[in-house]
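Only one chain comes next, encoded as structure tokens, the form predicted alone.
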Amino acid sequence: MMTKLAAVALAALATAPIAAEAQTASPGAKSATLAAVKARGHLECGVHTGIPGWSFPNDKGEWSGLDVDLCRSVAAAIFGDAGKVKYTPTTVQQRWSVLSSGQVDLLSRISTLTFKRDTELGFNFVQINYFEGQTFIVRKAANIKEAKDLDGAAICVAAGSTEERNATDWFRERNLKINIVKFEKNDDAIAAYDSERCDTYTAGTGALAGQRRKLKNPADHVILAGTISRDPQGPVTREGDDGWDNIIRWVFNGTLIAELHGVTSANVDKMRAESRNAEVRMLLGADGNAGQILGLPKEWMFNAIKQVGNYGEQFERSVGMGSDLKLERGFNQLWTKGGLMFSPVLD
């Protein structure tokens, strides 16, 4: 007769493979999008059609900017090569269909998280990578100081954008009259403003800083300091692939964790070898299996940080004081320095 101890041992052996499978069958490892990206050999990333500081190609067709850096970070985490990205420029109107059709794996393109976009369109805003508000660019000669001074103005804007709705609602609420002049592309709207077809052009503060560089005489224009909205922006994915969402979310979180602990592209080798901080060691693959849980290599964030940098490095290089846009960190500073950028714990 089998002893009670033997029965327990056999039961444990019988369930061991199931338990092991449960531990390794992570959502990331089962992500259909990740499998497709790996099979293809590169990431398909939807970006803006071209706005300095966010996603802009140089004369060699090489893209750069804060939104582009997120695409590059994801590619580095998956392939160990930040260059394995193909960029698809998208307009305000095209971006959702390009994503829903599967033409891109990820949309990283100045897009504001709203209730309807989050609940009706079949997409997930997996993280917020930039906080800002909407304002206006005007000619210095017009001597306009704040938004309410635009009563009666013609406002150029991209059709279907949150900026169009925000401006309409804000001026209506205050019984101020405006003439909304809509264009399919942001570039067409800013060009129309530059040709004096409109009194102002409206967008987020970051986008305006980038678009101002396209004007014939940028120094003749000023961006109003006040804002009329709150615009949390971030990368967007299709619903139904939680593992892929986890990858995008934690690659971005990883850039915040790296900045929090002072891990940079310059010192990441030394930090992986010498740091005694448990979160840093797990982030860089020195300890733990965070990469495996996501279906990625052990060095997922080591590669991303080494090749693209932490969030602070990306911000300063693209839109911060180290760039032509020279935007303050503001809300986009780490929470430890008074900002809103905060990552959950990597544990």
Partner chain sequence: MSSIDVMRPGRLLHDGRVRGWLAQAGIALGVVGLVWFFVDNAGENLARSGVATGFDFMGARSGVDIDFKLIQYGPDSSYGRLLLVGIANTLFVSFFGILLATVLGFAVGIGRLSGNWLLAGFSTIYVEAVRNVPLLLFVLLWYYLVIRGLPAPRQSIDLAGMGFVNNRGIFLPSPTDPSPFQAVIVALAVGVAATWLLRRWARSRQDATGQPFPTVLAGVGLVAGLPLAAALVAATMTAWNWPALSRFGVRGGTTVIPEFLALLAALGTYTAAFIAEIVRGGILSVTRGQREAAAALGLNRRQILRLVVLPQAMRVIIPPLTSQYVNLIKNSSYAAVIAYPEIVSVFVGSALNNTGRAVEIIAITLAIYLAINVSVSLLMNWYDARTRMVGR
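Numbering follows the first chain given and starts at 1. From a predicted model like this one, the values you see are computed outputs, not experimental measurements.
As for the form predicted in complex with the partner chain, it is not shown, yet the points below apply to it.
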query	finding
Sole residue of 80, 262, 160, 133 within 4.5 Å of the partner chain in the model of the complex, by heavy atom	160
Contact residue in the model of the complex, from 96, 252, 87, 125 (heavy atom within 4.5 Å of the partner chain)	96
4.5 angstroms heavy atom contact with the partner chain in the model of the complex for residue 168	yes
Contact test in the model of the complex: residue 184 vs the partner chain, heavy atoms, 4.5 Å	yes
Interface membership of residue 197, the partner chain in the model of the complex, 4.5 Å heavy atom rule	yes
4.5 angstroms heavy atom contact with the partner chain in the model of the complex for residue 242	no
The partner chain in the model of the complex reached by all of 299, 325 and 345, non-hydrogen atom within 4.5 Å	no
Segment assignment from 151 to 159, 271 to 279, 226 to 234, 204 to 212: heavy atom within 4.5 Å of the partner chain in the model of the complex	151 to 159
Sequence-ordered list of residues in 105 to 133 near the partner chain in the model of the complex, where near means a heavy atom within 4.5 Å	116, 119, 120, 121, 122
